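To begin, one chain is listed below as structure tokens, in the form predicted alone.
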């Protein structure tokens, strides 16, 4: 078992292991003596796991409610946010009760945002069932919904009370969702370098070690910059173009695949601008290809850059881009928006 501490003001543990799913209610109920537990999940995950999780809380004599949204990024919206709030209020969900996010990043972000605002803040835990959520979105306290103008433009920083990731849940994950998660995993490999990058290069990948290394790296960054005012921006490697792709595609391109595209473009731009050695660029491309992160966006650079203006990383006339100087050495660089096309020009 890996028990990784996230040492922020309201700190918590990320528990990562194989075969812990049925113990999650027991873990959660050590946090507080909750009366009611509401499990939020989606239409893909709920049939697999929601009853199993519910039974554990029922055995502890807790009142258990469930709420299921349609699977997909399109469900991370203000309508579902409001609907869950109404569901909680109509079912007498109290301030000292517990919300459980069971699923991927969409469920985690949406449930976390509900938790941050209902009764001005209620406890919630993350139970990720995807690789992407397990290594990234479930950790760090970013919660949000999308609006038509852009991804994650409405949200709050609100930490969970705990994160419980049973790696065995990945056995039920479709291949396309594993590929989606590898987009974020490659991101962490480039940021961290060292053992994580060597693992990604290896023919004998240890996924559990990759997951634990990624979470430890993110925890360290979050501890330094919980509210994303500085070094935490490094975690946005590849995300500027990724968010533009997601927005322009109507969120039909999954996040991790879009991040893979963003990393591919930023790596090439860094190589072309003399920031990244060709040998390391080739390593990055080979790893992206190895994990089937081969998506190429059909949108023009002008369209992608215009879409990036609405990204949270944008200022009035500039935007922060994470550049790759070397594997294990990335930095935050501010670009004028009218110079981005020149930087990304192939």
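From a predicted model like this one, the values you see are computed outputs, not experimental measurements. Positions refer to the first chain, counted from 1.
If you look for the form predicted together with a further copy of the same chain, you will not find it shown, but the lines that follow are about it.
- Of the residues given (261, 113, 164, 197), 113 alone sits with a heavy atom within 4.5 Å of a further copy of the same chain in the predicted bound form.
- Distance criterion of 4.5 Å from any heavy atom to a further copy of the same chain in the predicted bound form singles out 144 from the list 179, 144, 132, 210.
- a further copy of the same chain is not drawn, but in the predicted bound form it has no heavy atom within 4.5 Å of residue 204.
- A residue is said to contact a partner when one of its heavy atoms sits within 4.5 Å of a partner heavy atom; residue 224 fails this definition for a further copy of the same chain in the predicted bound form, lying far away.
- At the 4.5 Å threshold, heavy atoms of residue 80 stay clear of a further copy of the same chain in the predicted bound form, well away from it.
- Taking non-hydrogen atoms only, residue 231 never approaches a further copy of the same chain to within 4.5 angstroms in the predicted bound form.
- Taken together, the three residues 89, 96 and 119 all lie with some non-hydrogen atom within 4.5 angstroms of a further copy of the same chain in the predicted bound form.
- For a further copy of the same chain in the predicted bound form, the listed stretch (168 to 176, 154 to 162, 237 to 245, 187 to 195) containing residues with heavy atoms inside 4.5 Å is 154 to 162.
- The single residue of 8 to 34 lying near a further copy of the same chain in the predicted bound form is 9, the criterion being any heavy atom within 4.5 Å.
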